[in-house]
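So this first bit is one chain, no partners, the form predicted alone, shown in structure tokens.
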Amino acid sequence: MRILEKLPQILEESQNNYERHFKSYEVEELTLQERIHLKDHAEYKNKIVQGDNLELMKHLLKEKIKINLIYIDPPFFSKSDYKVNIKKASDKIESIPVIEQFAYKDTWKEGMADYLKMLCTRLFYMKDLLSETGSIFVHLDRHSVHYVKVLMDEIFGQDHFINEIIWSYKSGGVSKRYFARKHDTVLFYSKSENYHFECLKEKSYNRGLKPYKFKGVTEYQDENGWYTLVSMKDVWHLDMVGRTSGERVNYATQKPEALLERILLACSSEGDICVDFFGGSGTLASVASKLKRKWIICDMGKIACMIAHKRMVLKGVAYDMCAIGNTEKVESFIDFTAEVADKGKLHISLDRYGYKNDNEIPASPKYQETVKALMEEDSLKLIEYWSVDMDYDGHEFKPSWISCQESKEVVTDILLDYLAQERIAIRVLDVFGIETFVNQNIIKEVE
């Protein structure tokens, strides 16, 4: 059966899957992993959630959370699997090869029908989660956007289709067999006719770059020439996140902040809740924080969530790091020492990191020996992030000290202020996004 003939069946099955939720109402709860708490932390808590976005949507519906803006950048049906390159250097190991680690899959056993069913089911949930003034932006490319638009016309209504935005970019790689494919498509739909929208302006250069001097028309000049400001068009020429870009976080399909900034400025206000259910490297969270919006991002991938977590920590943003559903567990360990040093100081030193079972090393078979060598010779190089709660209450982990690998190495030996708290806790994330959590009573009293 051709895919066009399958669309009604995909729509019906997806709607049935969605409606079945309201009959069973079995909802997973969020598990708090880490609370990045700042002095200006408001009652509403931003969230990075690791797990199935479908479970998060059910949870948000149960909590009656209404979202003002949804942006999603789901898999594109590219029939490829995407990887993250992990680069490590060590004084103890002469040469460490780049480790290619799986980030997310974009391959589908039942082909396009399987892919569309996954996305269509979630679109029903997203429509229900949107506020009456809310909007949704779905970021795709040539592989599936035409089919998804047909489904969205049915779910959101043809009258609520607002724009087909073309993001045009420059990048390497062309073919002699077709015109270079250098754009993505973003479908913009509203929940109702009362959707929030602020018309953005862009430069429109005068012919010949000279002033027109028309009466009543304000003109401006920059280094390129004279221009006026006009309502923004639906073709956006924006650079990709290049190799030398300051916002690059080493994630294969990272989108530029400028793209998300236009969307958030146009369709949300300060204080609104903005959500990305395919959160990736956390671009929506980064932009929403800058623009004083509230946010939630979700991703299945441990590496994606770890990258987003580091990104937001480095920006000094308050939020909760959470998990939902049954996520794969790898048993890992961290050996450390915590000793009272001088009065009012606690010395913490990380000694060794690794996995309890060699059969559970999270790297692909090709890189198992590389990881084993690191574990034996320089295991702390596997750590990407760690944090310390100096007064752990046994419930909420709220770090008072954080170190994460950016351009510099992770600090592994620290001296912290200590006021004779009973218990400290340490949380570690490694290069694969694997979490290790330990807590320890400090027996020796400060003299």
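Keep in mind it's a predicted model, so treat the numbers as computed, not measured. Residues carry their position along the shown sequence, with the first being 1.
If you look for the form predicted in complex with a small molecule, you will not find it shown, but the lines that follow are about it.
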- [ ] Spell out, yes or no, whether the shortest heavy atom distance between Tyr104 and the small molecule in the predicted complex is within 4.5 Å.
- [x] yes
TODO: Report whether the minimum heavy atom distance between Gly354 and the small molecule in the predicted complex is within 4.5 Å.
DONE: no
TODO: Examine Arg122 and determine whether its closest non-hydrogen atom to the small molecule in the predicted complex is within 4.5 angstroms.
DONE: yes
Task: Residue contact check: Asp73 to the small molecule in the predicted complex, 4.5 Å heavy atom - done: yes
Open item on the list: If the criterion is a non-hydrogen atom within 4.5 angstroms, does every one of Tyr251, Gly280 and Asp299 touch the small molecule in the predicted complex?
Closed with: yes
Task: Residue (of Lys255, His309, Lys191, Lys294) lying close to the small molecule in the predicted complex, criterion heavy atoms within 4.5 Å - done: Lys255
TODO: Check each of Asn46, Asn53, Asn68, Ser387 and return the one that places a heavy atom within 4.5 angstroms of the small molecule in the predicted complex.
DONE: Asn53
TODO: Determine which one of 270-278, 315-323, 331-339, 145-153 lies within 4.5 Å of the small molecule in the predicted complex, judging by heavy atom distances; exactly one does.
DONE: 270-278
